[in-house]
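Next up: just one chain, as structure tokens, the form predicted on its own.
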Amino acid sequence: MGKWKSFLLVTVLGAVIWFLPVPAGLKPQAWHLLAIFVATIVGVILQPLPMGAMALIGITVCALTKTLTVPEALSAFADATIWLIVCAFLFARSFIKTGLGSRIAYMLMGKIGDKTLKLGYVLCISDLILAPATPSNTARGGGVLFPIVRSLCSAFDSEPGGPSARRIGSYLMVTQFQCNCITSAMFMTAMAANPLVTVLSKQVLNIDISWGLWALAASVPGIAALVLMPLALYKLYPPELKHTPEAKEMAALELKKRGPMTTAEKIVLAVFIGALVLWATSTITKLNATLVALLGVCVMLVTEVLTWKDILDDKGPWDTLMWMGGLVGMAGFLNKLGFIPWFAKTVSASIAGIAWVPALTILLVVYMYAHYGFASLTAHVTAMFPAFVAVAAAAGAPVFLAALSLGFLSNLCGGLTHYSTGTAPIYFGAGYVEQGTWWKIGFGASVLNMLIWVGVGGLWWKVLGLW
């Protein structure tokens, strides 16, 4: 669909919803905001314009139609959690600029990279180490790790589009891609839409999910998934080459070429470790997570690890600030104006008599596989999370359990298809796996993730007192 046809469809859809009769018990203002919000989300999915541009148009229409005042439409841009993700993007830039991210991966490869299965684990561990400070799973998986994966494939004469693809390349591509989705679920700052989950949870359920609580709740199921996923793929989609002693040599050569760790790398590593410690101990130090991130960015500016030009040139954080501020603002006022409570009450009435455990399970399954219709994790979260978490709470599910479990699945669903998240077209586009196989592996991985995160995770969350 062309740009202007898509934009026309978005406009017509918003207008149709706007002029539909307002349901009983709902304010016209809430219904009109829903029309603008739905049109914006469809625009984010179809992308006649970039996501940030669609969000800007959405909040402008809100103010122009007096659905919201100008201060209300712009209010979410002051949200601390949004600025946390901006800072985390700058952390990620420092990892890439200094080369620290790839150095960590090569160091691990040099230690334990003598077998193909171990290489799978090396890539997953590297992703896990980088995840807390890399809110773009695309930057982490595509910008840092994909070049390493691709180099490994070529080093072992495994090339796309032919019989050599299965030698080692196919396995490494699907393993790293699936593990990238898992690590994205493990930290609030590991994927751009995760802070959006926490903001929406605050707006809809009035709960505060800290960085530490997210990481703690995700730790056990996340580690279990990272242990089992490479092994499961190794058994079900095995590489032809099992032993890779050359990988250690390749890593040693690359590290020798780079020389000792630079001062800039050491500063980034110290800032990263310091931020992790302060985020994890925020209940003791009482330091806001965003303040910690801002402090880290300031240290890197003062030491010139990052320059102000670096920050101005990096489009990622400012684009995220724009679309997240716009979407969070509209979603928040949908709740304040009564649409989300009305929706939750209406839907929960239809499942009256169903205990919260099966009700939440059904919601989780639907939420996971609804992502077949999305090409963006952010669009999925914005469109479905507020309503689903509200319905889960109305059905009697403990609020932290409902919010966190849906938040984790907001990342895991990214492994389903070749278009489901930013890293998907990068790894699929390498040409090592056919589309039908990619989808089969994605579905199988989703089932394994559901069993681990809902099963093992459910038991862990019981220990933590989340239900």
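For every residue, the number given is its place in the sequence shown, counted from 1. This structure is a prediction, so every number in the text was calculated from the model and none was measured.
Keep in mind that the form predicted together with another copy of the chain is not shown, yet the notes after this line are about it.
Heavy atoms of residue 315 reach within 4.5 Å of another copy of the chain in the predicted bound form, making it an interface residue. Within this chain, residue 319 lines the site of another copy of the chain in the predicted bound form, having a heavy atom no more than 4.5 Å away. In the predicted bound form, another copy of the chain stays beyond 4.5 Å of every heavy atom belonging to residue 437. Within this chain, residue 422 is remote from the site of another copy of the chain in the predicted bound form, having no heavy atom within 4.5 Å. Shown alone, this chain has one stretch from 378-386, 162-170, 68-76, 203-211 that lies within 4.5 Å of another copy of the chain in the predicted bound form by heavy atoms: 68-76.
83 is the sole member of 343, 367, 83, 91 with a non-hydrogen atom lying within 4.5 angstroms of another copy of the chain in the predicted bound form. Among 416, 34, 401, 57, the residue placing a heavy atom within 4.5 Å of another copy of the chain in the predicted bound form is 57. The candidate spot formed by 264, 446 and 462 lies out of contact with another copy of the chain in the predicted bound form, as no residue has a heavy atom within 4.5 Å of it.
Interface residues of 50-66, taken as those with a heavy atom within 4.5 Å of another copy of the chain in the predicted bound form (partner not displayed): 50, 52, 53, 56, 57, 60, 63, 64, in sequence order.
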